[in-house]
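We begin with a single chain expressed as structure tokens, specifically the form predicted on its own.
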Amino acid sequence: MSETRSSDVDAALHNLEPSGEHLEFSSRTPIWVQVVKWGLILLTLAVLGWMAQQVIEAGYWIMVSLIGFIALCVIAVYATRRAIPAKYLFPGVLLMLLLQIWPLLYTVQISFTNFGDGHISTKEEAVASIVANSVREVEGSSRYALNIAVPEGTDVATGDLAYLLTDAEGTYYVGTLEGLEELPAEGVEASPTGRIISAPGWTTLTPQQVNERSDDLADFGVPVFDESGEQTAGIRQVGLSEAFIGTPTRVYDEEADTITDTVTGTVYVAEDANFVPEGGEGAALPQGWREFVGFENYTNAFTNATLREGLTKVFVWNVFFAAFTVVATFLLGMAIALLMNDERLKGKGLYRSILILPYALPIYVTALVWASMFNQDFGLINNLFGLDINWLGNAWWARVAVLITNLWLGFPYWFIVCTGALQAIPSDVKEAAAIDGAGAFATVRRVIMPLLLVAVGPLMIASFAFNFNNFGLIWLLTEGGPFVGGQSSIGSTDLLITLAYRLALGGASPNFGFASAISVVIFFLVATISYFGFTRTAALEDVN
């Protein structure tokens, strides 16, 4: 039997000896790979072309140039055999620019403007809106049959609005912000009353869609110009099926940069991105425009009386909240991971699955459940332990409630991370510590902890940055409250991000420029803390 096996092995080795044949390696790429490559390139260019078409219709010419540049980069990188490293780096660099750098730059740019409620459009659009909204029907003037539409192929929710009009003689018109033009009758379908039902190149809106765009229609009107190009009248809708032609009661003087109300005689002058009465008495016109304001938002952020008084208190609580959360969740997660890593424990898979359940539940569900459990009268915690604590009504107990809830939400993350890191620590290191006489606590503190921190140090910094801006938990659990001292601006559990949200966006007039300035300040605070954190974690690498 052994001789037979030996002969088989010899025969197999003989077959492995060089037979004089030469292996040939082809340098040509298989045809199916070429087809897939060019298919993906063409698909990418088609998507970029569609995006370019959308931004062209929106008038964002800088974005058109950027999309064209990206398309050229795609061709230069992937349509040639050169630049092999760039083929791997290009997607990551592009996504970093689009999802990280561009939002940051856009936020900084917004922080230097007055962008907000009443200051969204340009000055030209604001003037056009003021004039169009002042149109009043002239007695005895004729009316049009009206339908509302958007250009064909555009989104009915965001496309440019237009009036499809029919006058008393049955002539069709289309009215836009550019003016009134006659619509060719060919292809137009109209009802017996003359109202246009459909027209080539236009998509008519249903009554529900018209209602959804009522805010846009409130500021929409069609200007009517004379032969010299001066606006002499305007067309406005009356209900869903009629429109009238009237004259504007407010006239814009471009040379003087003023608007005159022909009914009251009030002259409005441009001041701080609004038209205000020349004499200073009376309200400004509601339509303002967006403009550059320099460091005004940053100056307001540091001189705002409410913000200045509460900023120090909120900042100290914000830092403590983030630091305590990271340390507490890490220690609890690590302790449970050490317990679950003991080889003598049975059913570890089941225990581990149960322990990550808090991490699997949506935060808004968990936060609302904990808010109900902290209820003073009917909450589970007071009833279970026989307490009478006003958890969410007292400033200090509210902070304790926030920390407990975040501990519950955060420890499964560190349990998972530490479980993976513990399994990567060689067992001979722990055996060597035991031979040297180290106890269980000393082994954890002097051997396991330093090795763990090498792996989880950067994650702890990322966790700190996340909790520093943990808007969701605070807003869902306490909305920043409770508010003490008879004021409603600064809550006891407010973080900087929730305080900025309330001051900048929580009022009746949202100010996106001010909110962006606060966000930039928070960004630099977190960036500075993270920098020193990463500097400290570099020292842990010496453990290896």
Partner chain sequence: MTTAASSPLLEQRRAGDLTTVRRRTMKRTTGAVAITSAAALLLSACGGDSGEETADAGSSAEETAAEDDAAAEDEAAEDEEAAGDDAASTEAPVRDENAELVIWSDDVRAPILTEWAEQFGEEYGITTQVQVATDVRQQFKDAANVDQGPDIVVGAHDWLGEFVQNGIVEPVQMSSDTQELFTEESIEATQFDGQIYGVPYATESLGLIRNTALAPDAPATMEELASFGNELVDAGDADQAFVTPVSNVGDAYHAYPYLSAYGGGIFGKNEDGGWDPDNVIVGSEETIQGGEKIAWMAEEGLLNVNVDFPTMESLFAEGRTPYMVAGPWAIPNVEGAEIDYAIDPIPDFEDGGQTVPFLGVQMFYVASGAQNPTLAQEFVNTYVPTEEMQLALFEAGQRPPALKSALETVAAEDDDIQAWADAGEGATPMPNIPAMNAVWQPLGQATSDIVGGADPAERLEAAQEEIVSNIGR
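Take the two forms, find the largest set of C-alpha atoms that superpose within 1.5 Å, and that set is the rigid core. Numbering follows the first chain given and starts at 1. Predicted, not measured: the structure shown is a model, and the values here were computed from it.
Quick note: we don't show the form predicted in complex with the partner chain, though the next part is all about it.
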{"item": "Contact of P450 with the partner chain in the predicted complex (heavy atom, 4.5 Å)", "value": "no"}
{"item": "Contact test in the predicted complex: S65 vs the partner chain, heavy atoms, 4.5 Å", "value": "no"}
{"item": "Contact flag, T325 vs the partner chain in the predicted complex, heavy atom cut 4.5 Å", "value": "no"}
{"item": "Heavy atom of T493 within 4.5 Å of the partner chain in the predicted complex", "value": "no"}
{"item": "Check all three, N375, Q487 and R502, heavy atom within 4.5 Å of the partner chain in the predicted complex", "value": "yes"}
{"item": "Position in contact with the partner chain when the complex is considered in the predicted complex, options S214, T299, T312, Q109, heavy atoms within 4.5 Å", "value": "S214"}
{"item": "Contacting member of P91, P426, G279, P207, with respect to the partner chain in the predicted complex [4.5 Å, heavy atom]", "value": "P207"}
{"item": "Which of 282-290, 325-333, 456-464, 338-346 lines the interface with the partner chain in the predicted complex (heavy atom within 4.5 Å)", "value": "282-290"}
{"item": "Residues within stretch 249-281 having a non-hydrogen atom within 4.5 Å of the partner chain in the predicted complex", "value": "R250"}
{"item": "Core-aligned CA displacement of P358 at least 2 Å between the shown form and the other one", "value": "no"}
{"item": "Large Cα move at D215 between the shown form and the other one, threshold 2 Å, rigid core", "value": "yes"}
{"item": "Core-superposed C-alpha of Y163 shifting 2 Å or more between the shown form and the other one", "value": "yes"}
